[in-house]
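Form predicted on its own, single chain, as structure tokens, below.
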């Protein structure tokens, strides 16, 4: 009888985001085995036993493996969520974590290589596009195997802003926020529809302020950050949805931080996610002004990479 394939996920970095992902994966029964790793042993032990103490009350069981890079050798997915939240200032710049996370990438990438990990790597750590690029380069994993949450979260924030204004479920809003997961991101309004109706047409009819919605998508994280000094639920949900797309070979079409040959690095752009990671870059036709915004955003990411 063929052995049942276990769904194995690793999380590297157990701050607010990593811990929220771990809790969700365990309580929803998404992972059969969960590897949790952090530079702080006490934090890892605390999260391990807080999770273990849920198991007697859950309908599913998850094997929890702490601080063991070697056990990632056969993991399906690794989610990187390392960072230093204290280095982010209230000026809206996710590049505050760049120096800390550049050093973290070296350590994490080296450990992943040693472990023999050959699954799909989903990065959350900021600045997302730069860190994802560095992780791909330093792990030696293929560009298909490595991608970031990128503007998947920002797109959700745009959907929330538009849906809220129109009293619609945000799932009824489709379209993309593109570019850097950061200040140079932008909503590609040419792609946005509400229940199949172009947002540009609705904006004319209802007098909607699209600039305000775009700003809400860009600043949504800082609205949350200013109240609780971190964000966790929305980004954790995005990462888990992407991980599930890998586990189930869903061929999920969505914006992620994906490698674009044109720019030579990762950037928020439509892609298709499945069992092996990025199945394809979903090239879309953009109006001249929206393509120029993408070029500008790519230039900013490139400048940070060159530093």
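Not measured: the values here are computed from a predicted model. Numbering follows the first chain given and starts at 1.
There is another form of this protein, the form predicted in complex with a further copy of the same chain, and it is not shown here; the text below is about that form.
K.L.:
Is there a heavy atom of residue 213 no more than 4.5 Å from a heavy atom of a further copy of the same chain in the model of the complex?
P.N.:
Although a further copy of the same chain is absent here, residue 213 would stay clear of it in the model of the complex, with no heavy atoms inside 4.5 Å.
K.L.:
In the model of the complex, is there a heavy atom of a further copy of the same chain that lies within 4.5 Å of any heavy atom of residue 107, even though the partner is absent here?
P.N.:
It does not: once a further copy of the same chain is placed as it appears in the model of the complex, residue 107 has no heavy atom within 4.5 Å of it.
K.L.:
Can you tell me if residue 20 lies within 4.5 angstroms of a further copy of the same chain in the model of the complex, counting non-hydrogen atoms only?
P.N.:
The answer is yes: residue 20 has a heavy atom within 4.5 Å of a further copy of the same chain.
K.L.:
Even though a further copy of the same chain is not shown here, does residue 134 get within 4.5 Å of it in the model of the complex, heavy atoms only?
P.N.:
Taking the distances in the model of the complex, the answer for residue 134 is no, it never comes within 4.5 Å of a further copy of the same chain.
K.L.:
Within 4.5 angstroms, counting heavy atoms, which one of the listed stretches 107-115, 178-186, 192-200, 123-131 is next to a further copy of the same chain in the model of the complex?
P.N.:
Looking at the partner contacts, the answer comes out as 192-200.
K.L.:
So, a 4.5 angstroms cut-off on heavy atom distances: do all three of 209, 290 and 296 pass it with respect to a further copy of the same chain in the model of the complex?
P.N.:
Heavy-atom distance to a further copy of the same chain in the model of the complex: none of the three under 4.5 Å.
K.L.:
Would you give me the residues of 30-58 that have any heavy atom within 4.5 Å of a further copy of the same chain in the model of the complex, in order from first to last?
P.N.:
Counting only heavy atoms within 4.5 Å of a further copy of the same chain in the model of the complex, the contacting residues of 30-58 are 30, 32, 42, 43, 45, 46, 47, 49, 50, 51, 52, 53, 54, 55, 56, 57, 58.
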